[in-house]
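The chain below stands alone and is given as structure tokens, in the form predicted alone.
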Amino acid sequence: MKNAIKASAMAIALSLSTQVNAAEFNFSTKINNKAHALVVFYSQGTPSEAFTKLDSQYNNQLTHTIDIKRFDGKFGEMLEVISTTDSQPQQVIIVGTGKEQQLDKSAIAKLGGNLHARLISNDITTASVVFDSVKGAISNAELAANFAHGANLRDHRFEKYKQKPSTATVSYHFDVEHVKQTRNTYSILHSIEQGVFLARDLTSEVATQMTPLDFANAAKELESLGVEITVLAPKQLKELGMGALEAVGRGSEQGARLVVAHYKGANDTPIALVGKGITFDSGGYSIKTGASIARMKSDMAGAAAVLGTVKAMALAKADKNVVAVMGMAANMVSQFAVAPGDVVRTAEGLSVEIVNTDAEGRLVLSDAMWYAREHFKPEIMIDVATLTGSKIKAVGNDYAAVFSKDDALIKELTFAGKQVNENLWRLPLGYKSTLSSDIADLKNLGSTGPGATTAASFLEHFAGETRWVHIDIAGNALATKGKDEISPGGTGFGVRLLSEWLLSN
């Protein structure tokens, strides 16, 4: 298809990528009458000029059906019309946009994702989307590009272990006002998609196939994009004094790794993104029980998110200096594993009494944060982690929790999250006194107080004087079913948030 942007064409193939086909998007100024379905938008209030024109071509059958079905254009509502006229395509899907002035990036991406799911479920493989006069809070080109973005995000799936993976997808033809502007906008979004897909695939992969070493090898594939990759093994971690990270990985055969991915698209002081990478969390000797342990392959979603963000920036050729520092380990039980009551020394110099081996993420992050500060002297440091179940109790799965004393950074990141449907809710720092230990500088678990806050306050000890934000994405990393622009499995939560923030600030 001429001028089509294929979602697979720009991707750097990863061995763990599982999608057989991918959505295609063609942006032009004409309707494709050969498509299986025509998609047109209907806002609450006065129908658009484009809708009225199309309706006349269908002998007013569209408005007649709208009246019968009492369809009023509420946001997200969809109405299917099978035309009895000679106009093509004969199948028309009317999508409600609510009030046009409320259409922004987050809203239109949701529409794109939900329409894509509707088309797939109806076995529609080609669709012509009339976007030439859709209006909202952003330009028509941005609306169209973000609609395609939402559709392609929903299209992604992880099915490598299925005997018959789905090959269903949709080829889209967009009728837009400004073709070049739309293509350019979508090109950047497409780069972000590839970062999201990487994070999703890494998170969805089973733990025995996504060890710290497997993760490091996946990171090395970004070298072809100009990303500098460094991997430190357990011996090197010990030499650097990174006793907390090394200790968490001690119970597994491979041990821990520190993986560093540096994209230097500018000579500015770098931004450091630090990710928790527990490739499987058994809880150690404080072993997990119940159904939750089956989801613990996703405990490396923070590391996946920051690596995906680096990939997105590299593909977009962004003029940013971004480094991802990822502490990788499998928290397992063995004769070599740390036990409750053990004391480890962090690279910061602080000793930590391990009162609970299931509070291991903060140990991994403490040394990774130290490494980011000492080796890159970043302007800002943001850590991302599936850190605490307490976070889920506090704000649920629709928000990630964010902690910092830096009001400006909180405001910027919260705004960025709203743009891409990765919302943040601020929780307080505090309760540091509950981390005091009789035999060490700190305990790795607060004796009282809210767990998400005490975990964040533990990490604050390792931020130094650097501007720092902690994002707890527990509950955000896996989706059991598709919704909006999210497909089932790993969500890649954090890649779009961080990419939006980096590109906008």
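Small disclaimer: the values here were computed from a predicted structure and weren't measured. The numbering used is simple: start at 1 and walk along the sequence shown.
Absent from the display: the form predicted in complex with a small molecule. The rest refers to it.
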- prompt: Heavy atom within 4.5 Å of the small molecule in the predicted bound form: which of 321, 169, 388, 185?
  reply: 388
query: Only one of 132, 348, 358, 142 has a non-hydrogen atom within 4.5 angstroms of the small molecule in the predicted bound form; which is it?
result: 358
- prompt: So in the predicted bound form, does any heavy atom of residue 66 sit within 4.5 Å of the small molecule?
  reply: no
task: State yes or no: in the predicted bound form, is some non-hydrogen atom of residue 456 no more than 4.5 angstroms from a non-hydrogen atom of the small molecule?
output: no
task: Please run the contact check for residue 288 against the small molecule in the predicted bound form: heavy atoms, 4.5 angstroms, yes or no?
output: yes
query: Does at least one non-hydrogen atom of residue 296 fall within 4.5 angstroms of the small molecule in the predicted bound form?
result: yes
statement: Partner contact check in the predicted bound form: of 109-117, 332-340, 360-368, 419-427, the stretch with a heavy atom within 4.5 Å of the small molecule is 360-368
